[in-house]
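To begin, one chain is listed below as structure tokens, in the form predicted alone.
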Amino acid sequence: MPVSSYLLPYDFSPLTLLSYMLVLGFYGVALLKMPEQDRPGSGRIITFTLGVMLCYGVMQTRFDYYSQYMFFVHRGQHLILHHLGPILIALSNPLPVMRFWYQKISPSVRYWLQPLGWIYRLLQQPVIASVLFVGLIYFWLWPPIHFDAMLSRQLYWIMNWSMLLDGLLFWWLIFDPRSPAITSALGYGKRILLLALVAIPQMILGAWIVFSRGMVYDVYEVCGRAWPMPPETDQLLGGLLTWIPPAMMSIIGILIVLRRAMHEDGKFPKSRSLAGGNA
């Protein structure tokens, strides 16, 4: 098979392709039109583009085929959609780009977009955000639901998009570049607590998959596997990918948040950055 064929979609989705093109297109146009002092540096641009392209790659290349026929590749796909890709996008701080386009929207359109703002603020409440973040992982990995999702094209796309959108919401809450000392952004202490709390149930779920004696996800037996790998090995690797990398990303996230908190320490006379702040 030619190398180029691995870059072509296995299950072409016009909506998915259009979505990624619009994101990169709007980002690129904003970079060209923004004032130079507001424009993000090359490092942030590369980080944003890498995060977007990683998500695109696991949804619209040959990788998606292997994700549908190998459990451990599927877990790698969701690791990127729910963790790594959104983390890179959030760390790139696209806030100036978002602000640039928001200022272009007329007041009348902003009025009609208010309900979206209410929904966003609701989903960014710490308890709701953390429950959704972990709950979606458990929901889509519940064996009967997972079986149906892997056999239904519509459910499969809903599953992947829900993981991506929820990942973006959660990691933006964690890596929100605004200072909690002078804005309503979530306090650094609460961000660290959330990262620790969401890591525990993911580790439990991964350990359960790893140490399960029988086959938990038999849908891959029904459809057949892309490679001649023993089912036990496939499930073991998938469980490890559910267990260890997410926990490591929580630890890395905690270190990044701690670094930001220490960097801000002493900047503001009555800083509430560690404990204060709202979602």
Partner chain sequence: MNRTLPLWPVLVALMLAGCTGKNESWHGKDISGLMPELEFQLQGTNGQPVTAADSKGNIRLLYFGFTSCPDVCPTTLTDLRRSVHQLPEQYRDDFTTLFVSVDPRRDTPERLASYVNFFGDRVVGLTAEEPALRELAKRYRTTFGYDEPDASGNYNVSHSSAVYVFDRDGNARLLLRPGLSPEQISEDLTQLAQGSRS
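Everything quoted here is computed from the prediction, not taken from an experiment. Positions refer to the first chain, counted from 1.
A second form of this protein, the form predicted together with its partner chain, is not displayed here; the remarks below concern that form.
Just one stretch in 235 to 243, 250 to 258, 215 to 223, 31 to 39 has heavy atoms within 4.5 Å of its partner chain in the predicted complex, so which one is it? Of the options, only 215 to 223 has residues within 4.5 Å of the partner.
4.5 Å heavy atom contact, Ile128 to its partner chain in the predicted complex = No - in the predicted complex, heavy atoms of Ile128 and its partner chain never come within 4.5 Å of each other.
So in the predicted complex, is its partner chain close enough to Trp227 to count as touching (4.5 Å, heavy atoms)? Yes, Trp227 is a contact residue.
*Is there a heavy atom of Tyr65 no more than 4.5 Å from a heavy atom of its partner chain in the predicted complex?*
Yes - in the predicted complex, heavy atoms of Tyr65 and its partner chain come within 4.5 Å of each other.
Contact flag, Leu91 vs its partner chain in the predicted complex, heavy atom cut 4.5 Å: Taking the distances in the predicted complex, the answer for Leu91 is no, it never comes within 4.5 Å of its partner chain.
Of the residues Arg153, Arg99, Arg121, Arg110, which one places a heavy atom within 4.5 Å of its partner chain in the predicted complex? Flagged contact: Arg153.
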